[in-house]
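Starting off, we have a lone chain in the form predicted alone, written out as structure tokens.
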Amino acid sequence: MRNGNTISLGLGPGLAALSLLAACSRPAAPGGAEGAASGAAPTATSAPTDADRKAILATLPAAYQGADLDNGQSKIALCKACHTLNKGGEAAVGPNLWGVFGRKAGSAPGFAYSDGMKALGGAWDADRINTWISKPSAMVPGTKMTYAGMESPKDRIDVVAYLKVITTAPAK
């Protein structure tokens, strides 16, 4: 239905917000890598093998080693609305997450962080990312990240494990 210059899809506020969020997602490039925000060519990486995934998961604390990577892949779609995940990907609404594990908070190149995030200090690890995605505003009041948080501890574990697997180069 069209009202003046506004188009109403007849969706409730929750579905309308989800449809807007989905519109921000970038389609996956061939081979599964997410596209860069500006169209610049990111560095190609091959999908991790089962052996790679197992080795990468073994570097995480025990709570994450038995994660459901399929669930993590499904749930991380929320993150991909604002973040690129591929090596060489540029910042979008949020910073690129390739190599986030071990990276100092507020330090990804090409992203303008809030003062609170720049002052946070420390490096990102599995537990810190888990805490962050549970409710970003509780960890950094005034953060630019408007995401309300992921309630389910299991979903957070799955997302963190999947994030580690897809944003870490396999050992060669």
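The first residue of the shown sequence is 1; numbering continues from there. Only a predicted model underlies this, so the values are computations on that prediction, with no experimental measurement involved.
Heads up, the form predicted together with a small molecule isn't pictured, but that's what we're talking about next.
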For the three residues W124, M145 and M150, verify that every one has a non-hydrogen atom within 4.5 Å of the small molecule in the predicted bound form; reply yes or no.
yes
4.5 Å heavy atom contact, R53 to the small molecule in the predicted bound form:
no
Contact test in the predicted bound form: L163 vs the small molecule, heavy atoms, 4.5 Å
yes
Using heavy atoms and a 4.5 Å limit, would one call W132 a contact residue for the small molecule in the predicted bound form?
yes
Heavy atom of G88 within 4.5 Å of the small molecule in the predicted bound form:
no
